[in-house]
Ligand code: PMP
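Before any questions on how it binds or moves, here is one chain, the form predicted alone, in structure tokens.
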Amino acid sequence: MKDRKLLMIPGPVEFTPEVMQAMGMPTTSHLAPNFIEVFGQALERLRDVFLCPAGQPFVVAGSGSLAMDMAAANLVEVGDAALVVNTGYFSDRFGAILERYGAQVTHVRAAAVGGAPTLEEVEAALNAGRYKLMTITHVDTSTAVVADVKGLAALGRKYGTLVVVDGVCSVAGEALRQEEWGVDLVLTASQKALGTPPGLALVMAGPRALEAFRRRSTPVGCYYADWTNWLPIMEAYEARKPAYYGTPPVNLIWALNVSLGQILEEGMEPRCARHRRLSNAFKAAMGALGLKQVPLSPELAATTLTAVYYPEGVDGGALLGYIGAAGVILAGGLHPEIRTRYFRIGHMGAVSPSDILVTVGAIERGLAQAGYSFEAGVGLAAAQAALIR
């Protein structure tokens, strides 16, 4: 009997057997030749995943929040003006981090939860002030809202503003062409669409971001996050030379390199297309079941996860428990304004069509146990039809 539940939350995600095998290898020295080769290869592969040939990758032990902290710590000096394109909880977090380093922060907020500021609203803000940088949460995990990074980045370039993208829930799942779109910095974490267990903060800094860092007139306010310390380490590993600042998480980086190899073997465009296909199938199932999503329009709905309101009269906690008993783990709400009214489903990384169908089936079973009235199998049929198409 299989005593294991399918993990379908917005991170951590399910990982491939090869990635898990790398995690279980005997740990070697961080200065061993075989590890130096693996780390160097991972740094090179990251440029291909971010689609940023001229970028400088940083891979550091930590979470996605550390990656946000690194971006703010190295690019912001006291008094700098920063614009936050706000689509939810993690946009708020970025604003708070920027303020911690002394930035004067302005938010352009969505009119309602599940929405996003328009390009016109963002341009009006950029036109009204002079901002050193603008942050964009590509996919806000609290709302499942996706931002128009390409359009927003073009505005940033137009107004001479550094464009910083929180890609924690998007990199390797949503379309993102860093260099082509003119994005100066993209950050992410290992445990989502990159398909590696939690514990790595990843940053890809483009030439303008590095130039802004080098023009600083004051020291970086966070010792651990300071690129002054990390840049020589990244350069050394890529040159296949030993270096030390802080001990890297050897097995995590080994696993990351395995996953990056799998991502590039699949190809970035086919991988994003696979994520869209699976996402569309899952969202079709939710629609067939009569469940409303948090994003206010289909154009605002992310590919990597889905946020769904509980049906009227259904106890959310009980529903998630029933779904868990049916073999699938989902996540509750996160956005403070609607936290108890919705749940979230992650479908990124190594997720397969079978995973989508199993998850929809578990949701149907949970809904039935919770007393929600619907035609049995209607969600599964909608998902299957979308997958077949």
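Keep in mind it's a predicted model, so treat the numbers as computed, not measured. The first residue of the sequence shown is number 1, and the count goes up from there.
From this point on, the text means the form predicted in complex with the ligand, which you will not see here.
- Taken together, the three residues Met68, Thr137 and Gln191 all lie with some non-hydrogen atom within 4.5 angstroms of the ligand in the predicted bound form.
- Taking non-hydrogen atoms only, Asp166 approaches the ligand to within 4.5 angstroms in the predicted bound form.
- In the predicted bound form, no heavy atom of Thr196 sits within 4.5 Å of the ligand.
- In the predicted bound form, the ligand sits within 4.5 Å of a heavy atom of Gly64.
- Interface residue remark: Tyr237 is not counted as part of the site for the ligand in the predicted bound form, having no heavy atom within 4.5 Å.
- The contact residue chosen from Tyr310, Trp254, Trp227, Phe90 relative to the ligand in the predicted bound form is Phe90, the criterion being a non-hydrogen atom within 4.5 angstroms.
- Residues of just one listed stretch (206-214, 119-127, 166-174, 272-280) have heavy atoms within 4.5 Å of the ligand in the predicted bound form: 166-174.
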